[in-house]
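A lone chain, given as structure tokens: the form predicted alone.
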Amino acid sequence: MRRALLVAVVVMLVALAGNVQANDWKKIRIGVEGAYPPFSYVEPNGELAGFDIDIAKALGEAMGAEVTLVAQDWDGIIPALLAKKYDAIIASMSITEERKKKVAFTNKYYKTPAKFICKKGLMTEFSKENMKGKVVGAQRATIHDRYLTDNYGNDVEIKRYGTQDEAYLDLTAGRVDMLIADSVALSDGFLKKPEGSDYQFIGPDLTDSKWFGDGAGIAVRKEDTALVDKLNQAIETIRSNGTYKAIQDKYFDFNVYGE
């Protein structure tokens, strides 16, 4: 009797595993950050908003899927995906070789360069020599953090932050001299605001794929290959039917998709 019961349980577990494997992705939980304007932020009423948020909703509609957004701090955003807290990450995550070791990526859904910003007059010309001794901030565990560490770690003091907003606060308070981040996030999230009026971009656009990857993609667990395919198809759909451009034009006055 016990043997028969054990066999029945095994059969049931196999069947359940088959059902999981055959997920039709009509319901998708998407991890977002909510602290990276204009891509992702929280409105005064508590609602999530931003380019990433609108893209997530549009992709769900294109897939005929019900989307649930799950806010997650950046530091734990990949571990939470692997722990199945959600099924995909749409959080301006650059597609890099290092991250590919842990997760699968869709094709890019936008690509913009990174930049440094500093107070006007801090330096007349950008150079590694002029960077020496400066305190430079970056969001922790990002491509910008890695680039800064690899290229300027011996020349500057690096301060790392949990969110980009924390970095902006320290910049205006004078606790850091410079910041590095995505150029659009810096422009729309800080430079175009009153508190950013005394600050400027400094130095070149930073695009080297060794550090900055191949654009921002959607991260998915490696075993969920069908979801990657569906999301790639959905990206193509919203690009071709005008939805992507409508979302882009809501936030930006230029092409964020890149070449």
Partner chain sequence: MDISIILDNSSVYLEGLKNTILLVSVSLFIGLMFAVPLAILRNSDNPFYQMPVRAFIYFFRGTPLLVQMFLVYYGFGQFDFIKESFLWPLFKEAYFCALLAFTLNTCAYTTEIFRGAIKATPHGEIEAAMASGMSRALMLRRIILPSAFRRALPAYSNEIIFMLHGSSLASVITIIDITGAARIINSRYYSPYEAFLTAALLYMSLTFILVFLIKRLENRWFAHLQPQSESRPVIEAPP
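All values reported here derive from a predicted model rather than from experimental measurement. Residue numbers count along the first chain shown, from 1.
Form predicted in complex with its partner chain: not shown, discussed below.
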Problem - Contact stretch among 179-187, 121-129, 135-143, 107-115 - heavy atom within 4.5 Å of its partner chain in the predicted bound form - result: 135-143
Exercise for the section: Assess the spot marked by Ala226, Gln233 and Arg239: is its partner chain within 4.5 Å of a heavy atom from every one of these residues in the predicted bound form? Expected result: no
Handout entry: Contact flag, Pro79 vs its partner chain in the predicted bound form, heavy atom cut 4.5 Å
Key = yes
Exercise for the section: May I ask you to state whether Asp155 is within 4.5 Å of its partner chain in the predicted bound form, using heavy atom distances? Expected result: no
Handout entry: Contact of Lys85 with its partner chain in the predicted bound form (heavy atom, 4.5 Å)
Key = no
Problem - Interface membership of Tyr147, its partner chain in the predicted bound form, 4.5 Å heavy atom rule - result: no
Completion exercise
Across 81-103, the residues having a non-hydrogen atom within 4.5 Å of its partner chain in the predicted bound form turn out to be Glu98, Arg99, Lys102
